[in-house]
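Shown below, as structure tokens, is a lone chain in the form predicted on its own; questions about how it binds or moves come after it.
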């Protein structure tokens, strides 16, 4: 009698009709063997992997994807629940039966002439009760190797799954990488994702956003926990005490830099536990604990350099784990190393761009794709927390939300309580930065930085956050930050980067009751003398502006929040609607 996992593999083999089925064991020897094969294997005339300079970037390979397949395809990503209301206005919806019929027709015989890689994997450390069992099938050797970096795959996963049928099923084929035949379908109630037509990370590494956020956010609602788009860090003070924080930021708001921060303050150190995903559970003692279900970083390359993120650069040059993958970056031919805008000040004279062309400034385009990526093991990180593999996770004392706003939002403030913190997070907004949006500087709402990743109606999601707060005995403090406030000359007033550790220190002092705060219309603001600004060249007047609450700005903000809330109709919890009314009254 086959096990549920064996039955799933047999079902997929009969559907895809591959020439060969290969079940991954997760060993380094296997990864080396697959990488060597990928160096010889071509797709659309491009070798899947090109070996880079191992003296400078150990275990590293370069991968070029199809130019039409370089990012998540939000408009082709669907949540397939029985009713559209369950998916909510935050998701594209398709009827589950219709979605399955569409995908199965695409899947039929799609792996003829190919190998079907079976990837048994665990999200979270295998010894944790919070970890989840998963199996993905794919015909992409690049995906198979990437999943080795991003999760715990192989024998340990097979042993955990055993005869159990309760595991996530991920079904993926790159097809012919046709954007007209590209879909990512999520079935939250069946713990299932079907993906076709893309080899790009978020569309193809189904343990990433698909499972760890969209499916898991739904599971969390059913099981009483939270799956969040958050960093996890531990901040060690001079007395060696470590305070653990979560942090949620929309794109281009310094999320990864904060996760790998080197504090400017003497005696402080940031320990990294995760840069992207946090699963948050209520521990036996009634406190919130967080684990990072991933085992690697899937980071944006452009802008990453020794000046901006030295810890990540050291991570990329570490040799602890095989392999490290660079996707759609340029290649410096003089030393066969990956290159991207922001890695250094000078542009090498002999570059091959991300599309395989000899690079020239005259092309009017960057050498590396703006969304080019690196995939590297978290075990390569020199600041990896000793608690990373703790099966119970780490106890959370503070949750930080942040956005990119030139005005309105102060540098930092604390929510008065859990409910007001949920309101702050539910109305989180950030200004758009890319010209492709057509509206540079427009405020885009991204509640909890989860708008593209919540696998069910976001109004119900807000209620779930409120419900969690009622079950926790010792709630973490909630803070809002804005590193990007500007002056009248459109210049940033706060230096950011390493100096953000000054704000983290204030949060720790608040948590420990060492300082108090000033009550304002929106929350609790720092007293000027409670911020450690020693050695920082900044005027008192500038700090006062950074912390100012402008009622006229907030009246406009409230109007935008009301408009955003209206998209969810009566699903917005009454606690949040009431708080919005109270906030409006305070601005009169």
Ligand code: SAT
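As the structure is a computational prediction, the values presented were derived from the model and not from experiment. Residue numbers count along the first chain shown, from 1.
Keep in mind that the form predicted together with sulfoacetic acid (SAT) is missing from the display, and what follows is about it.
Picking from 198-206, 131-139, 500-508, 359-367 the stretch near sulfoacetic acid (SAT) in the model of the complex, with a 4.5 Å limit on heavy atoms, gives 198-206. Taking the partner from elsewhere, residue 494 is found to have every heavy atom lying beyond 4.5 Å of sulfoacetic acid (SAT) in the model of the complex. At the 4.5 Å threshold, heavy atoms of residue 72 reach sulfoacetic acid (SAT) in the model of the complex.
Interface residue remark: residue 413 is not counted as part of the site for sulfoacetic acid (SAT) in the model of the complex, having no heavy atom within 4.5 Å. Within 4.5 Å of some heavy atom of sulfoacetic acid (SAT) in the model of the complex lies at least one heavy atom of residue 298. This chain is drawn without sulfoacetic acid (SAT); in the model of the complex, the residue among 373, 148, 172, 186 with a heavy atom within 4.5 Å of it is 373.
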